[in-house]
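Taking the form predicted on its own, here's one chain by itself in structure tokens.
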Amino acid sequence: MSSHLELFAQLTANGIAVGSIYALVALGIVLIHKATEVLNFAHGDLLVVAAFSAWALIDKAGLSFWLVLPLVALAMGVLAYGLDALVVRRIVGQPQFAGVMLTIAIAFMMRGLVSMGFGTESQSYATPWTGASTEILGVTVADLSLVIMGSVLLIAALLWLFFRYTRLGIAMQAASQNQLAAHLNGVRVKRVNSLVWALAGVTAAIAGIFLAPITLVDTSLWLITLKALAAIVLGGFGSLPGAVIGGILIGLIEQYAGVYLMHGVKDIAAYLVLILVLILRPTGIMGEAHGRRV
């Protein structure tokens, strides 16, 4: 394999791995928006809380990674459920802008509490795959990247099966499409919406636990929300498959831009894509047109 082809293959593998994290975060945001029409800007801070909690349990308490993963995922699910049931639900019927401002306020509060509880210094922790790599077709890929790719594909498949074949999943879809009709058919819409928040909280926890060893355990992890929003717009707002496709594409675009384009483009590549898609194809790759004629 030539050096140029090997570099391209390595960038592709890295892009898919990073894009898988973006996709996982995007899935959580789309889940909440489809169910409640709230664009949750606090989603990235659930990821921050999960990452710091995992660090504390692994590095300070000495717990096994395999024990910490389900514990933190469950805790974030409970926290997200509580945020909807106790806070967000109180503004039902208010303009969407109220939901945006509320979730931004929640985000800053959680970030502040994390800084107060865990400190402001960046941290790190090891996973069972730290430092290990596998060679695939002449390309060396970190085992953690392979685990991330596999986990995102598995979660996406499980969500598809859940929404298609379970009563609760079907109830969630019904509530997201027409809450009044769902309520008249016996769906407990408020509880279902809170369960959607819990499900999104679990995906945020998994994303945070896997992302932190790649970067660092830091409060700046919330910025991944902005990349996830670009992925959502690219894939098609409201589309779960689109969120996965958009996340992976954003990851690939960033990796290629970092090598093949001028210095600094990688840092703004996701936002350039966001602007271009909004101008040229606002519905994204898999979104549906909901335009308003004036």
Partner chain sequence: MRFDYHTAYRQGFALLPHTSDRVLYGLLIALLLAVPFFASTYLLGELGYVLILCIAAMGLMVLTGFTGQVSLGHASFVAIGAYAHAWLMTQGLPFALSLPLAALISAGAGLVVGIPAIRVSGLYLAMVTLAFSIVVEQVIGLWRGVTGGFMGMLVPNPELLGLSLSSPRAFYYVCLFFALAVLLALLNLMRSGIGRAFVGVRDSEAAAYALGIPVKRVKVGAFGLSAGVTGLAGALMAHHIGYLTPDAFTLLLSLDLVLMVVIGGMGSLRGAILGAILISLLPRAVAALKALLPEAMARQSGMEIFVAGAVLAFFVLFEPMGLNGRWLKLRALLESFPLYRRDTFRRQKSYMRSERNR
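Positions refer to the first chain, counted from 1. Since the structure is predicted, the reported quantities are computational estimates derived from the model, not experimental observations.
There is another form of this protein, the form predicted in complex with its partner chain, and it is not shown here; the text below is about that form.
The closest heavy atom approach of L229 to its partner chain in the predicted bound form falls within 4.5 Å. Using a 4.5 angstroms limit between non-hydrogen atoms, R111 touches its partner chain in the predicted bound form. In the predicted bound form, none of the heavy atoms of A171 sits within 4.5 Å of a heavy atom of its partner chain.
Heavy atoms of S220 never reach within 4.5 Å of its partner chain in the predicted bound form, leaving it off the interface. Shown here without its partner, the chain carries I91, H263 and I279, all of which come within 4.5 Å of its partner chain in the predicted bound form through at least one heavy atom. Between its partner chain and the residues L161, A105, V78, L153, the one pair within 4.5 Å by heavy atoms in the predicted bound form involves A105. In summary, among the residues L74, M116, A181, A126, the only one with a non-hydrogen atom within 4.5 Å of its partner chain in the predicted bound form is M116. Listed stretches are 202-210, 97-105, 162-170, 134-142; the contact stretch with its partner chain in the predicted bound form is 97-105, by a heavy atom cutoff of 4.5 Å.
Scanning 255-278 for heavy atoms within 4.5 Å of its partner chain in the predicted bound form gives H263, G264, D267, I268, Y271, L272, L274, I275, L278 in sequence order.
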